[in-house]
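In structure tokens, one chain follows: the form predicted alone.
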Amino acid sequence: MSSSSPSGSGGDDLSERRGIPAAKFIQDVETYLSQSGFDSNSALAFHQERLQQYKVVEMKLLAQQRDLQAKIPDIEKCLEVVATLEARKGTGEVELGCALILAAYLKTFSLKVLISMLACEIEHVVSQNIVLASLEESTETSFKSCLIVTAEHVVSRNISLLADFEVSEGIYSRACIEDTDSVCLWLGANVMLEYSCEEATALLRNNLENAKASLEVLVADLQFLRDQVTVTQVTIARIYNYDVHQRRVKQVTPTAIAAADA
């Protein structure tokens, strides 16, 4: 925003916020034009150019705000994941899929489909042959009992955490997460570094605090910028109205003189 600014009638120098110049409210358009040396058209062109510059800056700030608003939830999710890994370290806690068990109780799937799905769920602990043998009984009671026994067997074997992770947009895969003392974090530019859980937590919390602070500054910048846009629009309207009034006066004066001569 490098356009030179004609001086206004307020007498104070233009202030700014983080490189965004403040717009000055013009109280007297005639005085402003005489002091700046601009005519109405030049003043309108200057302020319209300044208004467009404000709009460009606003678009950039809004893009940064959207990025931060998307980044903050991602950092919070990463913190939750690291906290979950630390909390489950050495516990052997596992979930067999509540949706699968609920579907079994409601008989949403056929027995064969459920057998196959359940075998896949616990393939890290029990072979599919054992699962299939355990599920050969087709009655609901025996099936529920098998689910309970299998779940107890899985927990007793102290298996690792099973988690679904996103491979790409809309595509997920299942992973077996072993007990670990470290995690890998993407730092950007195709760079990934391994941190201990404590270091990762500290880094993520620091990034979260910085992102929230940056977002607060951006919100304040946008509010300041919107105020300047409003002042500039009012100024343009005042200069335009002044110009229209002056044109009408110039048109009326010759008519009045001619009428007086007649």
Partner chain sequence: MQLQGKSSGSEMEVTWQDQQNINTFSRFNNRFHELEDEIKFAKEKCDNLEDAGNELILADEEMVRFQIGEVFAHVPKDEVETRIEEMKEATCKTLEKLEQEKESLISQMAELKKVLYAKFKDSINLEED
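Here the rigid core means the biggest group of C-alpha atoms that line up within 1.5 Å when the two forms are laid on top of each other. Because the structure is predicted, anything quoted here is derived from the model rather than measured. Positions refer to the first chain, counted from 1.
If you look for the form predicted in complex with its partner chain, you will not find it shown, but the lines that follow are about it.
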query: Whether Tyr32, Ser40 and Lys250 all lie within 4.5 angstroms of its partner chain in the predicted complex by heavy atom; finding: no
query: Any non-hydrogen atom of Asp181 within 4.5 angstroms of its partner chain in the predicted complex; finding: no
query: Any non-hydrogen atom of Gln64 within 4.5 angstroms of its partner chain in the predicted complex; finding: no
query: Touches its partner chain in the predicted complex: His245 (any heavy atom, 4.5 Å); finding: yes
query: Residue contact check: Val231 to its partner chain in the predicted complex, 4.5 Å heavy atom; finding: yes
query: Partner-facing stretch of 192 to 200, 32 to 40, 231 to 239, 209 to 217, counted where any non-hydrogen atom is within 4.5 angstroms of its partner chain in the predicted complex; finding: 231 to 239
query: Within 57 to 83, the residues that have a heavy atom no more than 4.5 Å from its partner chain in the predicted complex; finding: Lys77, Glu80, Val81
query: Core-aligned CA displacement of Glu166 at least 2 Å between the shown form and the other one; finding: yes
